[in-house]
Structures are given as C-alpha cells and as structure tokens.
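So this first bit is one chain, no partners, the form predicted on its own, shown in structure tokens.
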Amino acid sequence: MSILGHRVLRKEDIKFLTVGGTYVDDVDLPGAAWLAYVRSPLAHARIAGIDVTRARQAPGVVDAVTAQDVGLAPSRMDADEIPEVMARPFLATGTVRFVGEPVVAVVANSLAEAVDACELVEVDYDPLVPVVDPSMALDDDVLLFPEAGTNVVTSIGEPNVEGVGEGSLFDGCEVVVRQRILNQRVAPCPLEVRASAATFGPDGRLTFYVSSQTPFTMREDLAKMLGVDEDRVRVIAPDVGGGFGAKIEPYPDELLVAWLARRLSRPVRWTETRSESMLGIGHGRGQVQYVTIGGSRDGKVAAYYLEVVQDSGAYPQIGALLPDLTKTMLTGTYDIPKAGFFSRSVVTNTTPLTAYRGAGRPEATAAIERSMDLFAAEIGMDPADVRRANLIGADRFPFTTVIGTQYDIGDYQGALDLLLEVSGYKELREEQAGRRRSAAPSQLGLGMSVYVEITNADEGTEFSSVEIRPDGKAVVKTGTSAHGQGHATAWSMVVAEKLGLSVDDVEFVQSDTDIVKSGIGTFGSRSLQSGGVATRRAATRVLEMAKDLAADMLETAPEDVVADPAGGGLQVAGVPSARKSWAELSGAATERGAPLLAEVDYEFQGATYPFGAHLAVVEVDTETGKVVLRRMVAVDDAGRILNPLLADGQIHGGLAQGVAQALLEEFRYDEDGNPLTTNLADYTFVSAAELPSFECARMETPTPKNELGAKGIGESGTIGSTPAVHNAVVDALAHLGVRHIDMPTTPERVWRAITAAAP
C-alpha cells in the first residue's frame, strides 16, 4: 500500500520541539560586527544634510555610511512595467519617501553600541507634502518622483464607460449594483523578522545567511550588487520563521550587510526589531476596488466590471504588479459572459507593498464574492442560490473564462453542495430568522464564498536530485525552500514511496546554494507540483538505475526486479532470498563509476486551479458592534492530497490569516504618513482566542497537469475565508439596512454602520 495520501507526522517537528530551530540570529559568526540603521522619521522630505561625525567617534563604532559612501546603483525589480526612475536606493538619496526608510548605516562591535551611535547621527530634513491615500495619488498633485511626471507606475486595461446605455458592458441588465470596496493594507508579521549575516572567506568568497524564501534569487542579487560571478557567492537560508510572501524579494537593507562586510573585511550581521519589521518588510493587499455587477432578477449575472487602484508604496516592487493576478482570476468560479478590468498602480509615501499570502488572487475573490452578495441582496435572493445559478459546470473543463484564463479542472457546484450540507445551512438560516423576529441584540450572520485560485503560475523549471548513500539511505536535494510547509516530510514521502524506504531513511536538503545545484524557491503554492514532481521523477530514475544494476548482479531481467517490501533494497519478484540491499547497490554502483544519483530539472506543465467553498457564521452584538466568529466551515479541493496532516495545517493557517483580515488587521497611517500600528499591541494580530475550531471537509479532483495530480494548497484558506467572514458580518445586519462595511469589520466600524442605517 502506498504511503501517499496518508497522515504522516512531520519529521521536522522533532527538532523544533526539542532543541529548537537554527535561525539567522542563531548563526555563530566569531568577530562579527553589528549593523543598525538610522531611519527616516518623516514620510516625505528632502535630505538637506547628513553629519555622521559624532557617530563615527562613538565607542565601539566601526563605520557609519551614507548613500554617497555606498555609491551603489538603486535596487529595481527586473520588470519592464516599473519605471527606472522609481528604483529604490540602498540608502535614501536626496529624498526620503516613507517613514522607516534607511538613511544611514552604522556598524559597531556590538548591537547596543550601533543603536546608541545611531542617535548621534544628525540628519537635516526639509519636509515635503506627503501623499498617503492611493486614490489621491492619482491626482498627481504631489509627485514622489517628479522626473517621472506621474505617480502611476503601471496600468492594465481601459476604464469602463459609466452607465447602462448602448455599448456598455451592462446594456440590457435589469439590475446593476455598484460598490467601493477596500481591500486594506496588512502587515505580514512573520514571527522571525528579517535578518542577514555576511562573512568573506580567505579566498574572498561570500557566505551569506538570510531569512528568505528564495535563496537563489538572493544569490543573483548579491552577485550583481558586488559585481562578481554567482559562483563567488554562497547563500544559506537556515530555518525560516515564516515568510507569507514578504521574504520573496531581497531587500536593500539586508543586501547591504554583504557590501559592508566586504568594505570592512569583517563579518557583519543585522537583525531588525519588531517595530522595524512592521515598517520595513513589505506590506500586503492595499487595493481600492470599484465593482459593478449586473444581471437579471432571476439571479443570472450578465456582466461584471472591476476597477482597481493598487497602492505600491514608496518604491514599486511585486506589489505594483499584483493587479495582473487580480485580473487573471477576475470572474472567479462563475460563467459571466461579459467582464472588464482596469487597474492603476500608484506610489505613495508608505512602506512598499509586496506579495502576501495569495498575492492578487485573494483580492479578486474578495471583489467577486462581495459582489455576488450585493447582487443577491438587491434582487432578494439567497446568496447560495445566486451562486448556484452562475457557477461553471463540472462538465465544462478545461474552461476558458471571458477574460482568457483557462482553468484545468473543477467541480464548483459539488463544493458548494457539500458546504451547505456539512454546515447545516438551512437550519442556520432558520436560526437567523428567529433571531430577527425576536429583535435579539445578538444577530446571526451567514457568509459564503466559492473560490478558485491560480497556483504555480510562473513558467520555468524546478530542480531536485535523489541519491542513495553508501549506508543505503537516500538524500533528496531540492530547489524549493520551505519555511514551515513540511517539505522535509512531503519530499521524504515521495522518495520513500518510490524506493520502498522508510521516511526516516530519507535525508532532506534545501536552501544552500553550494549544496543544491539550482532552484526557484517557495511561493505561489508551487512547491509540490514543481519540486515534488521533480523529486518523484528523480527517485524514479534512481529506481530504474538500481533495477538494472540489481538485475545484472542477480542475473535476472530488470523487469523481474522489485522493491523489497521490508524496505531493504531490491529483490527478484517472488524470491525474497535473491536480494540486494540499498547499501550493496550503492557500493556496486560507485565501484562501476556510476553512483545511484539522478538530477532532474522539471519543466512544469502550466498553472493549476485549486477551488473550494467556505461558510462563516458570526454573531454580531448590535449594541456594541462586536463580532464573534462562531463557526468557520471550509471545503477545499487542491487535487490529490499527498499528506492530509500537512494539508490541514496549511488550510488552518490560511483560514486564520483570512479571518484576521476580515475582522482585525489593518496597517494604518495618519494623513502625514505617520504609521499608527508599529507593534503587535497596536496592530491587532489574530490569536487562538479569536478563532473557533475550524470544520474542514475535503474534495479531491486530481489535475491532469502533473503526475501527482496535485494542486497548491498553501494559500487557499486565506483566499476563501476573508470574503466569507466579510459577507457574514454584513449579512447579520442586512435586515437593519446595512449594505456594506469596509474591512476590517471592527466593533467601531460595525457600530457606525448600524447607527448610520438606523431610521
């Protein structure tokens, strides 16, 4: 019986639960100096002068440098859509553009001395008018980059002509509903903040430790910055305490550690504080959405239009490009005959935005699922019935949406039906009706979403190798880079299943560019369907090589050789005594000059589209506005499941983050660009106290895109849960006249909505 599809305990957890992980801050670098940054206290200002004299003279200080000392070309994402003039300097050059932007780097013998010396740096700022609201940035009254002539970074599509007249998307619609929706800015809050450390060997070669999701991208950027070949750089990402997309892109303040180490001929390390992390690590979401949905009173949606203003922050990176993914998933699970999309990404005097769990796809789902509820409310139909009337049928896959996205396979109707069944939807509606009749202070709200998302969207290859060691155990090396997902367990299962080994007899190696030949990294729910498939293919090749070798040693045909059921090697089918252990096979292969080693660069066969349906049940106190999540029911389909235990962990984590955005989280600035949520006391990070036990049901619709039949699952929970909870809060108050509440649905916002709707 195959081990795949069964609940196998995470092999990596023993270390974390006993001796603990090894993070960048734990790496021992004898003689290392510490780096600290002087950061801008203003959102927008010209730098009139910088004096580091006193800082350089302070006790323990090794160096203090400004942009003029560094002289490096600005850091810019390799994307044609982003104007070169908007590239980010390693240290602020001439102008600061957000609170927290690094201005001066101070290096000292200890962290305390570096921090103290930062206080002695004198920076003369000439304040400029900041622009914080992305919608106001469109006016171009205040330009962050005057040489660009605009705050618009990039745009997609064309604006829709307003109205429902001839030529409009909404021509012929009986009902048209419009709504402005805020998909608010959030902070990723990984428990391990950003950190990096650099040391140069006697040969001048760099070893760089960093908390990253993409070690090979980091190596590429470091080599470019230092002006050396990539083989002169080794990047190691040890245990990584969370990423959520925010550790995909290399940041200037972590890269500069390597430049300083070379300048000083001494190891240098840097670990940001929590408050620095809240300002410095890329934020997520940040879309202002304008939805228009139209159709007939029988529930059929005929047209849908979404306009997006995407906040890119002060320096555009991945965040500026996320509307492209929002457009890709525009119409969600629905067969909508006409649709349009228009987006503009703008710069603002705020922390730059980056990918955050889901990255553009949750924003699309939030818009279409909120629109479905708005449409249902307008025509007086149950939201479940409106969705059922518009879902793409299971017999229509592969299905190409009106926007041009081709979904691989799905059963959206089946997911909705299962959700309604396991949640007891009919009984919940009856309970809600009873509360409304009694005018109880605590009202019940039901919210749902039926979602689809795209995973493994990028083209390319992923590397994996499998080798049988002399002791008969296997080692798998992978270009993916796990930071909590359970790759050590999953990849070991793939190898064990193919070679007949125990999971514990498979060593897992990742995130070291000297040991692993190449790799893309881990993001976009891509790993199993790229790195996992590469590992399976490598293990298959090793098995074929071993069968040929065993056949020769046992004087039989390769097709008669099978894996030993006890996991000891290979044997002749039906003749247990005629066997060769893996150690014997490894030794024989080495003697013949052909080790049992296979390397695979797997070129993945296109994106996959996980889907599901979520239902949230909330209780809203109409006197105080407080929302309590009573139930969260999730049906998720990510193709064939390798390990249900790992899948549940990913779904649970995603649900928690999605619920948090709907109810609690928002990174806020005042009108001058001063951040108001710079620590975990002000920023309402979700805890177990706010969450019920999740109820999860699973479907498995294997994708034809890879031999494992697997789709990504790391972000699905986040994508489906946010609009479900959001819709539930509004649903609880719909009978009071509340039509919409922006996220997060805090007690204050809910109370204000109730008050405003009161007759």
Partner chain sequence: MKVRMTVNGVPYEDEVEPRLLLVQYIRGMLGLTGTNIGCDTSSCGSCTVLFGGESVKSCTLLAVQGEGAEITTIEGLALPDGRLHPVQRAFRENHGLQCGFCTPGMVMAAVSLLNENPHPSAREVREGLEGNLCRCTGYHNIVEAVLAAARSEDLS
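Quantities reported herein were computed from a predicted structural model and do not represent experimental measurements. Residue numbers count along the first chain shown, from 1.
As for the form predicted together with the partner chain, it is not shown, yet the points below apply to it.
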Exactly one listed stretch (44-52, 730-738, 24-32, 716-724) reaches within 4.5 angstroms of the partner chain in the predicted complex by non-hydrogen atoms, and it is 24-32
Could you confirm whether residue 679 comes within 4.5 Å of the partner chain in the predicted complex, counting heavy atoms only? yes
Exercise for review: Answer for residue 11 alone: is it within 4.5 Å of the partner chain in the predicted complex, judged on heavy atom distances?
Suggested key: yes
### Query
Wondering, does residue 290 line up within 4.5 Å of the partner chain in the predicted complex on heavy atoms?
no
query = Using 4.5 Å between non-hydrogen atoms, is residue 37 touching the partner chain in the predicted complex?
reply = no
Exactly one of 98, 582, 356, 667 comes within 4.5 Å of the partner chain in the predicted complex through a heavy atom, and that residue is 356
In this chain shown alone, the residue from 687, 438, 400, 265 with a heavy atom within 4.5 Å of the partner chain in the predicted complex is 687
Looking in the predicted complex, the residues of 240-258 with a heavy atom no more than 4.5 Å from the partner chain, listed in order, are 240, 241, 242, 244
